[in-house]
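Next up is one chain by itself, shown in structure tokens, the form predicted alone.
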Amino acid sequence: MSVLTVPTGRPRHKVRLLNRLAWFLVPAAPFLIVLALWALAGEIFKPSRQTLPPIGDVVAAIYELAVSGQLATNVAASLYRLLLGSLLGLVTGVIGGFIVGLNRKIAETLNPVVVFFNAISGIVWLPLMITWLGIGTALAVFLIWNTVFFIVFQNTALGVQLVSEVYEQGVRSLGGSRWETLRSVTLPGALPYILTGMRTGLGFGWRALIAAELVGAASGLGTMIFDAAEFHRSDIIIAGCLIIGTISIAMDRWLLLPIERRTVQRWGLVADAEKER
């Protein structure tokens, strides 16, 4: 008597392929809806090109900027400022937050100060910094650092404080040193909060960067948008906004998110779902 075997699931490679395809397509659905509404609004309300340019005009503006070399120049200038300010903010925020988080009394003492300066971080400093630093790269770097630092600092300090003392005591009872406790318990426990702070901080860093460039800079995406506003080029303004959002999404999904997943999996905090299948 022969036994008929019925497949109970799809092959692993097909499942992985579908998962990767969904990872690309599902987030794109809201943007496709916005594009459809944009095109529909243009057909129904017939707004002027200065109010709401057609999608084709925006695509043509991006092509024009790319061919002329302005797009590459402005993107490179903005990314350079973002890199400098974000690196300073991430490094100082992680180190400062980690050190403060190790001492709960110091953390409680500094918390009101951090909350105060976090409330006025970013573009609130813009008028004063223009007087101190002038208009240029230094202004943008400070605003980005000031924005990223406090977000990363707060998340890092919170993550360190939330690590259970039971695990630390367990390592010490086994003869582990203070350094071993910090490396094997405190840092992995705080890592999800640190990485979340990094991703959030970079998002706000973009806002500070564009605000600084809008005030005045020789080049950059913010400068490009501001110059286009003077000539009522709504197509370039919208193109600049789309480019900023696209770069931000690309950095988050293809740089920050993979780093977060691999780092957290490296410390054994999250299991790899694909390997378990």
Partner chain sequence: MSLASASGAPGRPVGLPSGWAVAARQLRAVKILFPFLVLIAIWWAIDAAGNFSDRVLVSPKRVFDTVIMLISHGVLAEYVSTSLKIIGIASFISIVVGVPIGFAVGANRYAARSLEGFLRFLQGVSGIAWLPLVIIWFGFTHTTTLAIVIYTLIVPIIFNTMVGARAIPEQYELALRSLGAGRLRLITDVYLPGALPSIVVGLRLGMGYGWRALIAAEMLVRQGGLGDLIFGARTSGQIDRIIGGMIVIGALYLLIDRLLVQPIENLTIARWGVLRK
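Here the rigid core means the biggest group of C-alpha atoms that line up within 1.5 Å when the two forms are laid on top of each other. If you're wondering where the values come from, they're calculated on a predicted model, not measured in any experiment. Positions refer to the first chain, counted from 1.
Below: the form predicted in complex with the partner chain, not depicted.
Should Ile249 be counted as a contact of the partner chain in the model of the complex, where contact means heavy atoms within 4.5 Å?
Heavy-atom contact with the partner chain at 4.5 Å: present for Ile249.
Consider Tyr63 of the chain shown here, and say whether it contacts the partner chain in the model of the complex, taking contact as heavy atoms within 4.5 Å.
Because no heavy atom of Tyr63 falls inside 4.5 Å of the partner chain in the model of the complex, the answer is no.
According to a 4.5 angstroms non-hydrogen atom cut-off, is Ala218 in contact with the partner chain in the model of the complex?
No - in the model of the complex, heavy atoms of Ala218 and the partner chain never come within 4.5 Å of each other.
Even though the partner isn't displayed, in the model of the complex is Ser68 close enough to the partner chain, meaning a heavy atom within 4.5 Å?
No, Ser68 stays farther than 4.5 Å from the partner chain in the model of the complex.
Counting non-hydrogen atoms within 4.5 angstroms of the partner chain in the model of the complex, say which of Val115, Leu87, Leu79, Ile95 makes the cut.
Contact check passes for Val115.
For a quick test of understanding: in the model of the complex, does each of Pro27, Pro30 and Val124 have a heavy atom within 4.5 Å of the partner chain?
All of them do, each having a heavy atom within 4.5 Å of the partner.
With the partner chain taken in the model of the complex, which residues across 179 to 197 come within 4.5 angstroms through any non-hydrogen atom?
The one in contact is Tyr193.
Determine whether the C-alpha of Phe31 shifts by 2 Å or more between this form and the one not shown once the rigid core is superposed.
Yes.
Rigid core superposition, Ala229 Cα moves 2 angstroms or more between this form and the one not shown:
Result for Ala229: no, shift under 2 Å.
How about Ile249 - superposed on the rigid core, does its CA move between this form and the one not shown by 2 Å or more?
False for Ile249: its C-alpha shift is below 2 Å.
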